[in-house]
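The form predicted alone is given below as one chain in structure tokens.
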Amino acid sequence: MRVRIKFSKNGSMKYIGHLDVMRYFQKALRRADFHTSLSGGFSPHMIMSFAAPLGVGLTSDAEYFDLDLEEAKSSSRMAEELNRQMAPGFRVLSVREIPSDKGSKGMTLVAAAEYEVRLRGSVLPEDCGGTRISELLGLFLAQKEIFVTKKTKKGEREIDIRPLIYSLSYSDGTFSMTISQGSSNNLKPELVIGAFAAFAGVSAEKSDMMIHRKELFADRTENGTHHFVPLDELGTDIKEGIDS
């Protein structure tokens, strides 16, 4: 059986990198006495995979990993038992059964993400009040192309991020956006805000931004229109009857 576990990552845990998060959950699963499936070979390990791991310094309400189990209890009981092992800043939000085929893996399905971004201090000038920022956003999004410099393992290259921005708005000091995410066409929120700041005539570095991920989505496009579905909605709850 394969389950998808959704958890939040907040507070000081935002400074924990992906590999340490993975090791943390492996230990928590053992303490919670989960009957996990193990890989073969000389160094067996839990069969688990994370969907779009979060960068250091970001908080989130929607982190996911898929886990293979030999035996399972009900969804609510597994979430409760795992939460007993969580340190402050981590909380398991759901445990849902998903298909075991490769195409159903979260890391394969991720197509978009929703973020909230707040800027520290007075990065935007005083004359850029809420109404003015919203007007500038309209002009920013009206552009057919928005080129930015993206750093890759092979160096730097210019990319057009406009097709990768599905929505972008501003209210009460917070930018909200839904952008492309995944193994291909992966757009980071700091690139979007940096490009908008440059459009507004100011500079905004990643260190100026407080970035919070709200959700990760799969794309169920219908008739050419994007239909984004949260990853946990692609699973089903395991009922109490399975508990021994």
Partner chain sequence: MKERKTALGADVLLRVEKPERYIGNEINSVMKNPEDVNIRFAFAFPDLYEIGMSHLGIQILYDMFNRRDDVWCERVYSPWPDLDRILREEHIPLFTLESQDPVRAFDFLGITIQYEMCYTNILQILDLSGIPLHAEDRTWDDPIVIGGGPCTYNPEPIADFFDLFYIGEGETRYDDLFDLYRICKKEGWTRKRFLREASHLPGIYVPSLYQVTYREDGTIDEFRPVADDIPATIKKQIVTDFDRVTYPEAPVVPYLKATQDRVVLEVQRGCIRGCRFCQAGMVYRPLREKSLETLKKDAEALLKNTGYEEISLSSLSTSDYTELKELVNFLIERCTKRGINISLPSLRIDAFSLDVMSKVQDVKKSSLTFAPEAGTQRMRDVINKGLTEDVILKGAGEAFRGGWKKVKLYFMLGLPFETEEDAKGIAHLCQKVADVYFDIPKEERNGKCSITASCSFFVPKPFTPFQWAPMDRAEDFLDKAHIAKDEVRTMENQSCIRFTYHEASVSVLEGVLARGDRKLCAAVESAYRNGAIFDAWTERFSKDAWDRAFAENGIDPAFYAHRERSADETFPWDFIDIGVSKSFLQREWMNAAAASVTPNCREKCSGCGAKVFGGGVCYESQN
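Given the structure is predicted, the values throughout are model-derived calculations rather than measurements. Numbering follows the first chain given and starts at 1.
Beyond the structure shown, there is the form predicted in complex with its partner chain, which is absent from this document and is the topic of what follows.
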Item to check | Which of 175-183, 62-70, 193-201, 26-34 lines the interface with its partner chain in the model of the complex (heavy atom within 4.5 Å) | outcome: 26-34
Item to check | Heavy atom within 4.5 Å of its partner chain in the model of the complex - the one residue of Gln85, Thr108, Ser94, Ser169 that qualifies | outcome: Gln85
Checklist entry - Taking its partner chain in the model of the complex as the reference, which of Arg120, Lys144, Lys102, Lys151 has a non-hydrogen atom within 4.5 Å? => result Arg120
Item to check | Non-hydrogen atom contact Tyr115 with its partner chain in the model of the complex at 4.5 angstroms | outcome: no
Next on the checklist: Within 4.5 Å, heavy atoms only: does Ser12 come near its partner chain in the model of the complex?
Outcome noted: yes
Next on the checklist: Residue-level contact is defined here as any heavy atom of the residue lying within 4.5 Å of its partner chain in the model of the complex; does Gly57 satisfy this criterion?
Outcome noted: yes
Next on the checklist: Contact with its partner chain in the model of the complex for Phe90, defined as at least one heavy atom pair within 4.5 Å: yes or no?
Outcome noted: yes
Checklist entry - Can you tell me which residues in 33-68 come within 4.5 angstroms of its partner chain in the model of the complex, by heavy atoms? => result Asp33, Leu38, Phe42, Ser43, Pro44, Val56, Gly57
